[in-house]
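First structure 1, then structure 2: two forms of the same chain, each alone, as structure tokens.
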Structure 1
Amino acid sequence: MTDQINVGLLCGGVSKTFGNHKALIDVSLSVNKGEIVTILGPSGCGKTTLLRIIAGLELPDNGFVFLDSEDITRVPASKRPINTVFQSYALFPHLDVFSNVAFGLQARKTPKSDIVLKVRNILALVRLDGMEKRFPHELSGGQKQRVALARALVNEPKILLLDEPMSALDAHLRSQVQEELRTIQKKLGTTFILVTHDQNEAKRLSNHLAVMHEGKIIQFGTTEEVFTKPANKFVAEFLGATNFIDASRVSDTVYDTHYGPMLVNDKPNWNNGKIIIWPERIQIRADAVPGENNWFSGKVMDRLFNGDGVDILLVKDSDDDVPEKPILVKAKPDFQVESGQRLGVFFPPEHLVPLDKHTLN
């Protein structure tokens, strides 16, 4: 578990209701210093509300927010050492880049020479040097975003909040900005809390990941943990899993499935439930022995080239007439196979992840 001293931000039992809509229900979250934590979830799951409560722009109905073991639940946004990069960037349209970035420093009565120095340094960091005199309407989307980032970072906040920071950027800019964000975060060591609905962004950026659904955090863990072992069907689906296998218990470690008996390393807590396996974990083997545990020989329904590899859709060959959801297998781009051909695959027991039945679905 995490070191107590290392905890930067701690939210406990946070609830918030708007009218009859429960935006947050008893949410707890702890964020380590110097990490990037992503709050991931579909729109309307309450992730932005949680971010606004951390920023101090919203007061929770219940619960507390601690920053460096200091209660800041009722401290207004203007007094918190936390800054936000807003989704719309919210730059002051009548102020130029320099004044936008200097706003927070001026508000805190920083000496003029310090302001000039700090603004220059931070603009260099986000590669906007020479743009001081430009107005927001003269900037591109990516530049506006970097101004918003600089405007927040120049105050040296303890925590930087980013509300869907990539949503207004083109796809090719996104990966570039993600890399830049990581670099900047490493350089400054600031704690970043990021809200997004894009699982790829979460995967690429974060150390820890909190998946939210209908006002609750339903899984929290390191990004690796969450992606390899999603707790339930909702998380698995949201993270892009497609291979859901119905399984029923035969013995303690062996479960019977549509694709034959499977040996499972993680013991499920049910007798009938679902197992998932990530497509890239399924191994294509020529030496398939049908009938044995974890071996499956299927008929290729389709082969799709997807850019970095080949997606192969496999169905059980014995019952042609019954429509079934195919198993998705990922192969190397040069892997050749024809539709209708048979293919032997192996499901490694350590990569079969049973989904928790008692939480969502």
Structure 2
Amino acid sequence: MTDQINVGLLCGGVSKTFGNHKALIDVSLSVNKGEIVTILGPSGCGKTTLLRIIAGLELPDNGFVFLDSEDITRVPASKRPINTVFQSYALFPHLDVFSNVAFGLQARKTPKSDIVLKVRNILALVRLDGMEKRFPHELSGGQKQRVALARALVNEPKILLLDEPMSALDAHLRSQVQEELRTIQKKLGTTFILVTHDQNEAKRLSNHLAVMHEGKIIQFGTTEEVFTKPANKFVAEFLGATNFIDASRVSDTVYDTHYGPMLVNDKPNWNNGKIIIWPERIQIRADAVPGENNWFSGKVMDRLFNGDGVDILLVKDSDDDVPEKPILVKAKPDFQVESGQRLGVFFPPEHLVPLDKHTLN
């Protein structure tokens, strides 16, 4: 199980219970060296507990944790080449930036000359050179986050764990720090494991993505695979899918839906189920193509500018009096449309994704 050369971290059958609460249930996770893996899920799903077990801050009730083919399941946190950046940053308020970053090296009795060199290098990498003498209360939120990152990385860990490290930052600063994190990780080649509930953050940063729910990993794959082909309704909804379409098989490739017959490239493993399509994948134009599969005529219910483009809510022409959830389409910012206008709507067959499971189970 540990003979894969590129596997850095391997968790197998990890379970953890607190009282009557099953925080983790038979969780297995494989992380390759030098990549960013994100553990994504709602609050209380077990992602932070899994991170703490990897860090050695909690012991599993069952299962194992291997790092570079070595069993570290019972190795104390202080003996693991793993560091953590917490949501609160956990900086020492009475120490300046230099001393905060140097703390771990000093605890290991690293020679003073080496400490100075390592701290200066890592502060330059996170763009904090010249701020060595500042104290935490003199720093912005983004600067505090970079100090915490530098303090973790200066020890040259094999794995860096990040527990919601950007949740306290505003949207603009969060985006900036995400880019910096990606750049730093590429330069150092350190394995990053990020815990977040932010889908956009996961999409921007991750090579692989694990979606958790109620103590279990319910889907794991490349970020592209998970976002484009969610395994079930829970994953799809959590990742932001809004367009769920009931479908029934008519032939090998054609499915009957409320919006007319649909060609689906990916064959579902069911006769009756649900397919999804992401709002940005839907095509719209002035008129539908009569009699063509995957086309229908829709009436615009609302148009909302979202900053990056236009959200268009529409229903099938014949649904004026049906209180159904409308289809959401994302268009470019300059797309001109008004409420009440009729548009042709096209669902590209290659972007219709069948859900293998209609429910979480």
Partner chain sequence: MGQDSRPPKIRAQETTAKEILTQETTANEAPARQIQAPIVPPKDKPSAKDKTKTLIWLGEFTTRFSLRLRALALAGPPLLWLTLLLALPCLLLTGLAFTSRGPYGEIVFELTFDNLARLFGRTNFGWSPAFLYIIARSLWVALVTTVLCVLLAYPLTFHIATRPAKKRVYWLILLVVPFWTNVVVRAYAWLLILGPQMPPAQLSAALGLIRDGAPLYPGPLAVYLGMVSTFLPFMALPLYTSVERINWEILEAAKDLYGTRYMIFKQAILPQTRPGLAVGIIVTFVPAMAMFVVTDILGGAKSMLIGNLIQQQFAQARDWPFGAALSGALMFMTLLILAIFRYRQRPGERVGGGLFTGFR
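If you superpose the two forms and keep the largest set of C-alpha atoms that fall within 1.5 Å, you have the rigid core. Just so you know, these numbers come straight off a predicted model, no measurement behind them. Residue indices: 1-based, along structure 1.
Looking at both, which one would you say is the form predicted alone? The form predicted alone is the one given as structure 2; the other form is structure 1.
Taking the rigid core as the reference frame, tell me whether Leu95 has a CA displacement of 2 angstroms or more between structure 1 and structure 2. Yes, shifts by 2 Å or more.
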